[in-house]
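Starting off, we have a lone chain in the form predicted alone, written out as structure tokens.
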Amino acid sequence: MAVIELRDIRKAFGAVEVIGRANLTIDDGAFVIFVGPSGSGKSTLLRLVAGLEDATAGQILIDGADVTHLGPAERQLSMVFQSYALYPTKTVRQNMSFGLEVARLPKAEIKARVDGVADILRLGDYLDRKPRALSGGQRQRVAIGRAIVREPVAFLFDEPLSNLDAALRVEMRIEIAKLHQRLGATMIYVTHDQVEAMTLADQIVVLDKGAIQQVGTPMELYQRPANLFVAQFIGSPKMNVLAVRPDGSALVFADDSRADFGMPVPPSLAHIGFRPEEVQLLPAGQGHLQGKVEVVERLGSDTFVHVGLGALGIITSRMPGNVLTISQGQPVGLGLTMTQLHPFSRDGIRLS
């Protein structure tokens, strides 16, 4: 397995900088996910690790060895792409063994590796089938198996589930999580889906505009986002954010309404954030803010109530799925707890 280090890695296409001085250490055996919106640089950063892009500056080290100027094959990494990229005329066995045959490994070793990986991925019954006779999930398992048989030092996944339907995505998330537990391998995984990131990763690397915004465990990012971007990117539904200004122990909102918590408020506070589950719906006239229910989304296990606050916009409250007393157009109060508020400065940086 491998420790992967990025030291001041920079990537520019002409005058356009897409990765700016990234520093990151990925521990041996870790499952690290690069997440961010389209254009954030996550796939470019993965391709730099893989050797599919040349770094403009900086170093990439694998187990302490500088591989910055080595080609993809020399880095001993395996990559699984968004597209399965299987040979349509070859069987599952032939697809999985092709790279080993090119490397001129003994036939007995090739067979042993393919059979072993097929057993891990539950592909033993499909080894003689061609890709057209497989489901999307089975094809993706073949693509993953083709990477495993090479016995790389680390696995790289570039949005491997984006072509699957919702049910298969859930199934394959479980498969990949189990695979990591079984192999104990270093894995780097790119996705724009923060649900995938939260459910799979040991560590999440959040990127925006080519810069690493925060690195941490899923719950660290959820409970203590470093800035407003991370706060609103991680979590579904996203964190509610309101502009405020401090006035002693009170918060003054953009519409000049006030909420006094009886506690000191940081003088540099400019925004407060609170998760949907951290806001309490109360009868009208109670609580810190007043609004009207705009939309009620009943999802079975949860109910999401979207409350309009006039000039302040719309906030979302997460409630149990069996709550039936909330209806569209209903006036409500909103209760907040100071200790559950996430404070941010004017430039969006977390204050504490």
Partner chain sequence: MSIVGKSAHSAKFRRNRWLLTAILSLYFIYTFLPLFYVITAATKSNQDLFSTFGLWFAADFQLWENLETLFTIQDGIFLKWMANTAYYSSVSAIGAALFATFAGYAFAKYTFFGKKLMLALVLGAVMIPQTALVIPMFLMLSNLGLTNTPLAVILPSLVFPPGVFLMWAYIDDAISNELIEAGRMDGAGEFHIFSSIAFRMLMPGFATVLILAFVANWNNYFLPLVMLNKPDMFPITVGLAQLYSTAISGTGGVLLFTVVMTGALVSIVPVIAAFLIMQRFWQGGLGAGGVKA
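Computed from a predicted model, the values in this text were never measured in an experiment. Between two forms, the rigid core is the largest collection of C-alphas that superpose within 1.5 Å. Positions refer to the first chain, counted from 1.
Although not depicted, the form predicted together with the partner chain is the subject of the following passage.
- Among residues of the shown chain, residue 89 is one whose heavy atoms approach the partner chain to within 4.5 Å in the predicted bound form.
- Although the partner is absent here, residue 261 sits far enough away that none of its heavy atoms falls within 4.5 Å of the partner chain in the predicted bound form.
- Taking the partner from the other structure, the partner chain in the predicted bound form has a heavy atom within 4.5 Å of a heavy atom of residue 139.
- Remark: residue 99 counts among the residues lining the partner chain in the predicted bound form, judged by a heavy atom distance of 4.5 Å or less.
- 84 is the sole member of 222, 126, 84, 253 with a non-hydrogen atom within 4.5 Å of the partner chain in the predicted bound form.
- The partner is absent here, but in the predicted bound form a heavy atom of 163, alone among 217, 236, 163, 257, sits within 4.5 Å of the partner chain.
- Note on the interface: of 223-231, 191-199, 241-249, 99-107, the segment with non-hydrogen atoms within 4.5 angstroms of the partner chain in the predicted bound form is 99-107.
- For the partner-free chain shown, 72, 73, 77, 78, 79, 81, 82, 83, 84 of 66-84 come within 4.5 angstroms of the partner chain in the predicted bound form, judged by any non-hydrogen atom.
- Superposed on the core, the two forms differ at residue 88: its CA moves 2 Å or more between the shown form and the other one.
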